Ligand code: DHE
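Shown here is one chain on its own, the form predicted on its own, set out as structure tokens.
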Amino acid sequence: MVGLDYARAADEAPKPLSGAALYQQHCASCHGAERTGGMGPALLPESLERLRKPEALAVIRSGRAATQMPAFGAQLSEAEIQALQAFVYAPQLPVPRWSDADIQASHSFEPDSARWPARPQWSADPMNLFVVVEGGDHHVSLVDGDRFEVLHRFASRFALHGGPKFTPDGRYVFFGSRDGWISKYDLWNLKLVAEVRAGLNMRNVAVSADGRWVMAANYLPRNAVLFDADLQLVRSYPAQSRDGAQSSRVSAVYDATPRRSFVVALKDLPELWEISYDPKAEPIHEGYVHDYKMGEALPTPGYQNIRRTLLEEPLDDFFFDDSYAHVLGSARPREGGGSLGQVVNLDVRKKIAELPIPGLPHLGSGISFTREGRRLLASPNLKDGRISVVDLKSWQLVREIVTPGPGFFMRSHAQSPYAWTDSMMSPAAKDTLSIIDKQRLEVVAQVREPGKTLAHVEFTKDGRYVLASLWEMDGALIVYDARTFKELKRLPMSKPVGKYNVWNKISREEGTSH
């Protein structure tokens, strides 16, 4: 009988809840029943790429400061916390949908914004303003680039990504978040103007040269989405092959200012798209003119339609040359190695050369400059400790500059003889910034924060100073003299993942990414 009672008691003991049940009980009210977000951010694997699993466990246990995320350490056992973490990192099935109707329903707009003052409501040079994204507690700080003081700080959406984009006058900035939100913010009046959710997992946004259009690149759903300047939906573009048989994630979109168009990279299709916002754009001809059906020969209007360039392999990221006629793109690693880069001419719509860049180049963070009368591209590498320098006329490799480890970001300025690059992808060298002489093409100095992550620099408008990120939760913005490399000041910040100088961005300064 004792054994029977013990077995009955064991059967009646409460069974531990599954991750799915725990999620519905504790998380769904804020993060959505399908994990697509609500008051809290989306909790999909695609949205959590930058949140390491141990960090996610810590957030579940202890909550997140300065947010509405509570601590569950006292309510849940360690096994339940781990089950919940495993659940949010697992794919959501069926795959969540996000339609044009959902986009339109998510839109919000401040109707009084048209009457706000058309001048900065603060005392500083608006062209030397830095917009600093603090990933640690999801805030944005606005920093005066002359006095190096914080002018204002405000909360942002979760996990901003891809770099903010500015209107040509520098007044408005558009932020994109991993979970698909685009926020339009008035820097002069320090107020939010509009928001919309373009998708469920977004890579980046681009703003047209005239400030009238905004485009989003989505992984989920697989599309690119066009908005007007107030974030009203204009149209969406399913990322599909011409016959509709294949689909792709959209890995990046950038504005090609002189061409008055957006250029779109597709991660899973060997195509590059150009979508013109010029009402006078040339018609798009696809197919064969002498096809007896004629249907393929009829032109499509060039304005806001897709002009396809067919490639041998997909491009993940890319860099424009000075003319914007050429895209220098990187592809996925090939079996057996080999070059990953290719040069695509947007006018003739075909690949014209390969780039002799091994490893895993991060061309989207490349810079250009002049040396001995030649325009050069310098690109960091996500896999190897090297900077690849390429001639932008011959497309030949000029030199590889050895660095302490693979890096993500590289920056310079036309008024500086130096380029700065990090090695943040290396556990051993993530604490080091290497300073490269652009004429000698060699590392001439380094600055370090031992044991910490030091990354992502940006120059002031005049190129006189460099701001770097101490990429830690208790991090800082560190100001260096761009000539002597000496530290001048540091501003405490919560994991400042990026900083962006208004003038350098809107003027397309050669030493910064666009």
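Numbers for residues come from their place in the sequence shown, where the first is 1. Values in this document were obtained by computation on a predicted structure and should not be read as measured data.
Quick note: we don't show the form predicted in complex with heme D (DHE), though the next part is all about it.
A heavy atom within 4.5 Å of heme D (DHE) in the predicted bound form is found for one listed residue only; from A229, L376, L160, L311, this is L160. Between heme D (DHE) and the residues S416, Q92, N204, Q342, the one pair within 4.5 Å by heavy atoms in the predicted bound form involves N204.
Taking non-hydrogen atoms only, F409 approaches heme D (DHE) to within 4.5 angstroms in the predicted bound form.
Although the partner is absent here, Y500 lies within 4.5 Å of heme D (DHE) in the predicted bound form, judged by heavy atoms. The shortest heavy atom separation between W471 and heme D (DHE) in the predicted bound form is within 4.5 Å. In the predicted bound form, heme D (DHE) lies farther than 4.5 Å from every heavy atom of A281.
Stretch-level contact check against heme D (DHE) in the predicted bound form with heavy atoms at 4.5 Å: of 146-154, 391-399, 162-170, 185-193, the positive one is 162-170. Residues of 220-254 that come within 4.5 Å of heme D (DHE) in the predicted bound form, judged by any heavy atom, are S251, A252, Y254 in sequence order.
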